[in-house]
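Only one chain is shown below, in structure tokens, and it's the form predicted on its own.
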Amino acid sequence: MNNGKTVVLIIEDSPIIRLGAIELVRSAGYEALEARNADEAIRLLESRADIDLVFTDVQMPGNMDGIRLSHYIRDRWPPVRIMLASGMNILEESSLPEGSRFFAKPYSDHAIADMMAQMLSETTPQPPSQPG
């Protein structure tokens, strides 16, 4: 149970950046969960049904980078909103799942908080329709 708060999962391998993102999310009034890589994030997503938004780094150790993880999340948990950030890559929107947003690091905390609020107020994304 999430005590009525919106839940944001932060996936970041750098402890300092992760702590900053957690503080940002909590300051915006959301509950923050944390994972160091895609494997930890997937375990959290499988164990909780209340994660509303994922904010993930692109480059991280493990089996999946943030781009691959974001597509996995879109396919498996379509209602979850997705934000990505990277200090190394500027991504084309076409490489990201539909409805996700990208921020280059260093990012503005204000811009991240505003985008989280905007994305969380939008209608829940729907899975792509299957050809019939």
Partner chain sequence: MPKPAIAEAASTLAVVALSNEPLLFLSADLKIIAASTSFCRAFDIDPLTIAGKHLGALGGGEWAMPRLASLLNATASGSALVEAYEIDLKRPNQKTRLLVVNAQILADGQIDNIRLLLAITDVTEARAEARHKDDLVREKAILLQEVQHRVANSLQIIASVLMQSARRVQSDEARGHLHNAHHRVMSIAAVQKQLAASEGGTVALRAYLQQLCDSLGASMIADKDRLCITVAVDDSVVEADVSVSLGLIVTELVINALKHAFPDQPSGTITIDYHSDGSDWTLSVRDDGIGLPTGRDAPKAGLGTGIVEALAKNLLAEIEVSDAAPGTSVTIRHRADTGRDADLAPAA
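Positions refer to the first chain, counted from 1. No experiment lies behind these values; they were computed from the predicted model shown.
Just so you know, the form predicted in complex with its partner chain exists too; it's not on screen, but the next bit is about it.
Region of this chain that lies against its partner chain in the predicted bound form, out of 86-94, 73-81, 46-54, 31-39 [heavy atom, 4.5 Å] | So the stretch in question is 86-94.
Looking at the partner-bound form in the predicted bound form, is Met116 within 4.5 Å of its partner chain by any heavy atom?
-> Because no heavy atom of Met116 falls inside 4.5 Å of its partner chain in the predicted bound form, the answer is no.
Are any of the heavy atoms in Leu120 no more than 4.5 Å from a heavy atom of its partner chain in the predicted bound form?
-> Taking the distances in the predicted bound form, the answer for Leu120 is no, it never comes within 4.5 Å of its partner chain.
4.5 Å heavy atom contact, Pro106 to its partner chain in the predicted bound form | Yes, Pro106 lies within 4.5 Å of its partner chain in the predicted bound form.
Should Ser27 be counted as a contact of its partner chain in the predicted bound form, where contact means heavy atoms within 4.5 Å?
-> Answer yes; at least one heavy atom of Ser27 falls within 4.5 Å of its partner chain in the predicted bound form.
Sequence-ordered residues of 40-67 touching its partner chain in the predicted bound form, heavy atom within 4.5 Å = The stretch touches the partner through Gln59 alone.
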